[in-house]
Every structure is written in C-alpha cells, then in structure tokens.
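First, one chain by itself: the form predicted alone, in structure tokens.
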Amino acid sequence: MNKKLVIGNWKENPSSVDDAKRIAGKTRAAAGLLERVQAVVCPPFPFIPVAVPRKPSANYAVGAQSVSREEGGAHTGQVSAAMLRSLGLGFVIVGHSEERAAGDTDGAVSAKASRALEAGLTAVLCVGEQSRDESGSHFDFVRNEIKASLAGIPAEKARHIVLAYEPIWAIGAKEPMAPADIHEMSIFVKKAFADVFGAEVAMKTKVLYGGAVNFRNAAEIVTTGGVDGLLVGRESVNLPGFIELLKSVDKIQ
C-alpha cells in the first residue's frame, strides 16, 4: 500500500524530556492503529533517543529536524548524518524555511541533503515562496529553489527524497493555503523535480504540504490538495489534536 506520510516537526518543543516521552509514546501508540498512514516525529536533538522505539513500531518512525553539511570533524554544535543514522533514524528535514531564514543557502541545503542520502536517510526537502502575486513569480522562485537545492545529488539517490511544499506566508497563519491552490502547486513541484531527475522517478516521489495544518483541515488538504501527506508544525505537539489529525488522514481511501 502506498501510505500517506505525516511528519510532525516539533521544532523547539517541548521544554522537558518527560513531555517528549509522553508525546512520542502517545503518537507511537496511535500510529500502531493506523492502516494507511506512516507517522514520523522529528523532535529536537536532545529528545531523539526517547522518541526512538526499542523495537520497530508499525507505522511510526523518527526523524531529525536538521543535519550537518559536514561528514564529521571539528564542527562545534553540529550533528552528522552518520550520528543520526546510528540512533535508528530514517528521516531528516532539510531546507526548512526557518533554517533558510537563519542563513542556509540552496548550496547548504544541497550539501545537507547529500549527507543525509549518503548515510541512508530519507531527505525531506522543504521548498516554498515568501509571497505570491498575480505575475506568477512564485512559480519561478519555487522551480529555481528546487533545482538549486538538488544540485550535485546523484540520480540514483532521488528515490530517497520527499518534497515538502511550505508556502512561507502560510506557516503559522490562521488558515492554510486554499486546497485548490495546493493541488496546483503539488503538480508544479513534482514537475520541477521531474525536470531534474526524470518523470519516472518523479511519479513515485511523495509531495507533502505544510503550513497551518491541523486536525480540522488535514483531510481536505490531502484529498482536494492532491498531496501525499503533510508536514505538521505546532499541531504535532498538540495532543490529542495530532492524533485526531492522523486518524482523519487514515480514513482517506
């Protein structure tokens, strides 16, 4: 079954290891009851060990919010892809808008994605425009961002990439992007990916949507928006809201 993928980006939350254990445990338990969805949680680095299950868990996996662009060595404060893989992680987010705003260039994003893929991780590549206007300049921006963020990545690694479209103006907003517009952009994002790696690979590549997603709108975003899953921010640490979100997506046939 080609399951929907729902990734919870905890960001700089929660504030204690006990809360991290609780959120991860309840998410893992809920994921065990899912049939059509794989849930992935991405805690802050210190909380990753308490989120990773001792034994493989059905429809539940753990990822990281970022990764070093370096393989290892004298890079204070950095966490390498090999370290993440050794903890049992399967995913890592690269190119999130918050990291780009903090200074990550497309070149840095490409380097991080390359390290993740080399280590056997799935790279969740975030792309999205700051704003949009009637001229359609946002299409050019997203296309160029995708191509630049994938520069230097070998074609044989492309099947281990997930695309997360996050219009920056919708992150943290009261309402998400209109589902019809999400559908248009999901097709466009996949086309831009196909321009780099070919249509055959692109057809099998998952495209997620992120930006003001919650349990009330998740199902409509997936169905009308035509996406393969969701990248969820603040709602992912809001239990039971995140659990309800997972259930709502799991009901989609």
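Computed from a prediction, not measured in an experiment: that's the story for all the values here. Don't overthink the numbering: it's just position in the shown sequence, from 1.
Form predicted in complex with a small molecule: not shown, discussed below.
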**Request:** Report the residue, out of Gly136, Gly72, Gly172, Gly107, that has at least one non-hydrogen atom within 4.5 angstroms of the small molecule in the predicted bound form.
**Result:** Gly172
**Message:** Going by heavy atom distances of 4.5 angstroms or less, which of Ala212, Ala219, Ala194, Val50 would be at the interface with the small molecule in the predicted bound form?
**Reply:** Ala212
**Prompt:** Would Glu98 count as touching the small molecule in the predicted bound form under a 4.5 Å heavy atom rule?
**Reply:** yes
**Request:** May I ask you to check whether Glu129 falls inside a 4.5 Å heavy atom distance of the small molecule in the predicted bound form?
**Result:** no
**Message:** Within 4.5 Å, heavy atoms only: does Glu166 come near the small molecule in the predicted bound form?
**Reply:** yes
**Message:** When the contact criterion is heavy atoms within 4.5 Å, does Gly233 count as touching the small molecule in the predicted bound form?
**Reply:** yes
**Complete:** Of the candidate stretches 117-125, 149-157, 90-98, 76-84, the one with residues having heavy atoms within 4.5 Å of the small molecule in the predicted bound form is 90-98
